[in-house]
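A single chain comes next, written as structure tokens; it is the form predicted alone.
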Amino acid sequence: MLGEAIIKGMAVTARNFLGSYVSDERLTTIQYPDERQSLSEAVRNFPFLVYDAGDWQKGLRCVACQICEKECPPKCIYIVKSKDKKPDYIGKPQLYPAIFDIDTSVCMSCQICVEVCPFDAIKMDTEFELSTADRFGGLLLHKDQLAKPNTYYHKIHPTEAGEVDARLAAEKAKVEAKAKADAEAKAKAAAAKPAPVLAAAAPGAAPSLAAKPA
């Protein structure tokens, strides 16, 4: 029937309008900015860098591998790798990004940087109130502005963050178990190695070392 879609659309509008007087679920608008809409876990806007522990400079997961920079379609990520290494939050020497910038005026929120990162160091934020009068400098975010704690990641994407932490913990436990097994094997091999003994020397001759017979 001609105009059927228009009639259906007007029916939906009327149902929401009349229903809004008796049910909050029918309210299709909110009084922004006094009221804020609860965001879904799937919401994504611009990337941020995750760090562990309390110090963002030591705790950054990023090791400046530059994969995200190479894979970014609009080329909005700029990274300069450090020339030295410094201890991370667990004391392991790591390379780090001396510079890590993201131009949010160019970023298209495609999340490819998140998908290709092998260290779960970059994730998508839900922050959208980023308007500024400075079109270029104000939308160019630097490393200190991008760094956010793992607790923040858990707050905005709890399910995903829990899965990432579980995977990282399993990988860490696996590495530690291997290192412990290697250390025990080395200690066992050292203990089984026969100790050298002094061989009987002829009168007037200097003593010499000889291996103890098995």
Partner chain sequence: MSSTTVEPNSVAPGPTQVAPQADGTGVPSYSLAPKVTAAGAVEGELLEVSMGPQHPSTHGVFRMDVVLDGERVVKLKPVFGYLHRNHEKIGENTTYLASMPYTDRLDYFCSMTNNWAYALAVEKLAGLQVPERAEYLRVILAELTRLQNHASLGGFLLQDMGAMGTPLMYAFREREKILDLFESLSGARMMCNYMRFGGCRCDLPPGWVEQAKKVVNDFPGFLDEFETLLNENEILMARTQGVGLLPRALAISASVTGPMLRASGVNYDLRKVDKYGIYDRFDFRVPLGEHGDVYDRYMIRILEMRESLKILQQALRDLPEGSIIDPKAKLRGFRPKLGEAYGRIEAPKGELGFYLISDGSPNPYRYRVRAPSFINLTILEDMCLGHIVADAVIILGSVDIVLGEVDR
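Whichever C-alpha set is largest while still superposing within 1.5 Å between the two forms counts as the rigid core. Residue numbers count along the first chain shown, from 1. Worth saying up front: this structure is predicted, and the values here are computed from it rather than measured.
What comes next is about the form predicted in complex with the partner chain, which does not appear here.
- Put simply, of Leu168, Ile156, Ala147, Ile67 only one has a heavy atom within 4.5 Å of the partner chain in the model of the complex, and it is Ile67.
- The contact residue chosen from Thr28, Gln31, Thr151, Gln57 relative to the partner chain in the model of the complex is Thr28, the criterion being a non-hydrogen atom within 4.5 angstroms.
- At the 4.5 Å threshold, heavy atoms of Ala187 stay clear of the partner chain in the model of the complex, well away from it.
- The partner chain in the model of the complex comes within 4.5 Å of no heavy atom belonging to Ala53.
- In the model of the complex, at least one heavy atom of Thr13 sits within 4.5 Å of the partner chain.
- In the model of the complex, the partner chain sits within 4.5 Å of a heavy atom belonging to Cys110.
- The candidate spot formed by Ala5, Gly9 and Ser40 lies fully in contact with the partner chain in the model of the complex, as each residue has a heavy atom within 4.5 Å of it.
- Heavy atoms closer than or equal to 4.5 Å to the partner chain in the model of the complex belong, across 45 to 77, to the residues Ile67, Glu71, Pro73, Pro74, ordered by sequence position.
- For Ala53, the Cα coordinates differ by under 2 angstroms between this form and the one not shown after the core has been superposed.
- After superposing the rigid core, the Cα of Ala166 is displaced by less than 2 Å between this form and the one not shown.
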